[in-house]
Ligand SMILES: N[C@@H](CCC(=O)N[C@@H](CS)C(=O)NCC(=O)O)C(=O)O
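This document starts with one chain, in the form predicted alone, laid out as structure tokens.
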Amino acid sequence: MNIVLYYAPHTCALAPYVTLTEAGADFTVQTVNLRKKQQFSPEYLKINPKHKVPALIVDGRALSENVAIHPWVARTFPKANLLPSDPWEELKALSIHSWCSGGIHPFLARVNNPAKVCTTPGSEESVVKEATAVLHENFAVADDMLKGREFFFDHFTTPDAHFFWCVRRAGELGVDTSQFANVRAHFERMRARPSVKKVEAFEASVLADFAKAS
């Protein structure tokens, strides 16, 4: 099986990198330089016309969106136990992925680039303020879900990787999560995992290469 992950630094492509590593998958990584707008190149648009990462190529077939990629990884590598075995719990795990993608990620994007959602002069501060409030509301929900738990379920599963990226990206964008003790504990627990250390080291090397090429 030939698996290629299309990846860009700082993006949620970090999550499937972690998941594939946890699965013990043999995969290669193709980096995409968003600053140079490589996601809009004709070559990449053939892979993902939505011009986003991650994209996963499996034996020549393309799959996009974390909500789809993570179940594929879990089902392809069942021995890694990356989703709960109980069907109802598995659906709850997928709902967390959907929440990360649809309920948290869009507000991180608003903080990162407020002008993309409102071009009214002077609106940036208001967009960031309101988006941050929604992020805090979501992190409060997650904080309650993680109370007394190491992970969202009784062991590491794919939603942990996805949510870790959400918290990581929030920190990169200056969103304070220090008031959410369980979220922060989960973040630090995740950051100590070998799979996360591997992707963060890889990302650092990619950023260094991009800087040299600029």
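These figures come from a predicted structure and were not determined experimentally. Start at 1 and count along the sequence shown; that's the residue number.
One more form of this protein should be noted, the form predicted together with the named molecule, which is absent from this view; the next part is about it.
- Stretch 44-52 is the contacting one of 23-31, 141-149, 44-52, 176-184, since its residues have non-hydrogen atoms within 4.5 Å of the named molecule in the predicted bound form.
- Although the partner is absent here, His105 lies within 4.5 Å of the named molecule in the predicted bound form, judged by heavy atoms.
- Contact annotation: Cys12 falls within 4.5 Å of the named molecule in the predicted bound form, judged by heavy atom distances.
- Taking the partner from elsewhere, Thr132 is found to have every heavy atom lying beyond 4.5 Å of the named molecule in the predicted bound form.
- In the predicted bound form, at least one heavy atom of Trp165 sits within 4.5 Å of a heavy atom of the named molecule.
- Residues Leu34, Gln39, Phe40 of 16-40 are found to place at least one heavy atom within 4.5 Å of the named molecule in the predicted bound form.
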